[in-house]
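One chain comes next, on its own, written as structure tokens: the form predicted on its own.
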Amino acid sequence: MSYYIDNFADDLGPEKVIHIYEPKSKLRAIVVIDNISLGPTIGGCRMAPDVSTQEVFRLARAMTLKNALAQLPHGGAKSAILADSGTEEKETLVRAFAQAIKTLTDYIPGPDMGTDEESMAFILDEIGRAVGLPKVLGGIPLDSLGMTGYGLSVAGKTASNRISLPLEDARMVVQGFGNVGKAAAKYLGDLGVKLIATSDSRGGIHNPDGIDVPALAQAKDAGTPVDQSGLGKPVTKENLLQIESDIFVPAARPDVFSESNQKLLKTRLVLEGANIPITHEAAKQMHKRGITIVPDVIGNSGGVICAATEYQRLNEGNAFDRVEATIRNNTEELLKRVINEAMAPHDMAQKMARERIDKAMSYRAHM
């Protein structure tokens, strides 16, 4: 086990931590297979130069919990290719990565930050297993369908009923107008929610009267940064976190909020679109302040539910139905038990996942 994560290891895992270096292609990568009790693992492969072993482990653990909560026959894993996703050598690195994980048959990679359907097609071509494939290869295009964002809208609708938050004209801030944030803005917009601020890696915009989501999506697809779209007053990424809202969707990198800055957030409902966007202690403080949180392992599970549906050779209709039913039921159970058992949302989500994982682990032979 890598010394990088000794302090995080527990009875769930991780089962494998692999550091990869392939001299010819200069591939550097990390794979963490956390727990396989429920079946072969599914987890995204992200591509960024600054991902640490600790971050990959935390993301893998989130996938273990997420897949269990979604009642999928899969454990959790995650991987990272340590390179800029815009490199001209992307295909070479992705194919080299695929060959490096060829014998890790209990890991099924999927798209993540910096990778996409095309990347998964390269992996499938090399080793015969991947999810999140192009439609022509039998995939369900979760990004173009906005499946993770759709799941967030289901969580939002369910939670809003619980906390008596009318969605019509509710003010929403989306931090990270990428595949997930863009889809969340669209689907929640369809329910009457008004996007008043959003951002990308360059900066953000604020328009209290509401941002034209289709127009912003079109501008982003054309390569225009959010803060140059002309659809709102430019704001810094840091100031965006302080804009008062009814719904806040963190849909960018991990650890956006920590104990030191969580007090800046002024909202009623948080729908975690990114993986681990709020540290555990920060989430507890927000809960004490009366902010309702739907954790990532429930709220953004639409993507992996879709991927598992694809792996089972089912169709788009099946995927939408499973995402809607699973996230609605999990959100309802979570928020009910948070009150009845006096537990913070992240702790409760972990407890709900452990109930299923522990049952599965009880059937495993003890070595």
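The term rigid core refers to the most C-alpha atoms you can superpose between the two forms while keeping them within 1.5 Å. Numbering starts at 1 and runs along the sequence shown. The model shown is predicted, which means the values in this text are computed figures rather than measured ones.
Note that the form predicted in complex with ligand NAD isn't included here; everything after this is about it.
> Which listed residue (Met120, Ala251, Ile293, Ala197) meets the criterion of a heavy atom within 4.5 Å of ligand NAD in the model of the complex?
For this set of options, the contacting one is Ala251.
> Consider the chain as shown here, without its partner, and state which of Asn275, Ser229, Thr267, Ser160 has a heavy atom within 4.5 Å of ligand NAD in the model of the complex.
Here the answer is residue option Asn275.
> Just one stretch in 198-206, 79-87, 161-169, 129-137 has heavy atoms within 4.5 Å of ligand NAD in the model of the complex, so which one is it?
Looking at the partner contacts, the answer comes out as 198-206.
> Even though ligand NAD is not shown here, does it sit in the model of the complex so that Asp34, Thr64 and Ala353 each have a heavy atom within 4.5 Å?
So, no: the whole triplet misses ligand NAD.
> Taking heavy atoms and a 4.5 Å cut-off, does Phe177 contact ligand NAD in the model of the complex?
Contact check for Phe177: yes, within 4.5 Å of ligand NAD in the model of the complex.
> Within a 4.5 Å heavy atom cut-off, is Asn300 in contact with ligand NAD in the model of the complex?
Asn300: contacts ligand NAD in the model of the complex.
> Please check if Asp246 has a heavy atom lying within 4.5 Å of any heavy atom of ligand NAD in the model of the complex.
Because no heavy atom of Asp246 falls inside 4.5 Å of ligand NAD in the model of the complex, the answer is no.
> Taking ligand NAD as it sits in the model of the complex, is Lys237 near enough to touch it, meaning that at least one heavy atom pair lies within 4.5 angstroms?
Close contact exists here: in the model of the complex, Lys237 approaches ligand NAD to within 4.5 Å, heavy atoms only.
> Is any part of 138-168 within 4.5 angstroms of ligand NAD in the model of the complex by a non-hydrogen atom, and which residues would that be?
Going through 138-168 in order - heavy atoms within 4.5 Å of ligand NAD in the model of the complex - the hits are Leu142, Asp143, Thr148.
> If the two forms are fitted on the core, does Arg46 show a Cα displacement reaching 2 angstroms between this form and the one not shown?
Yes, shifts by 2 Å or more.
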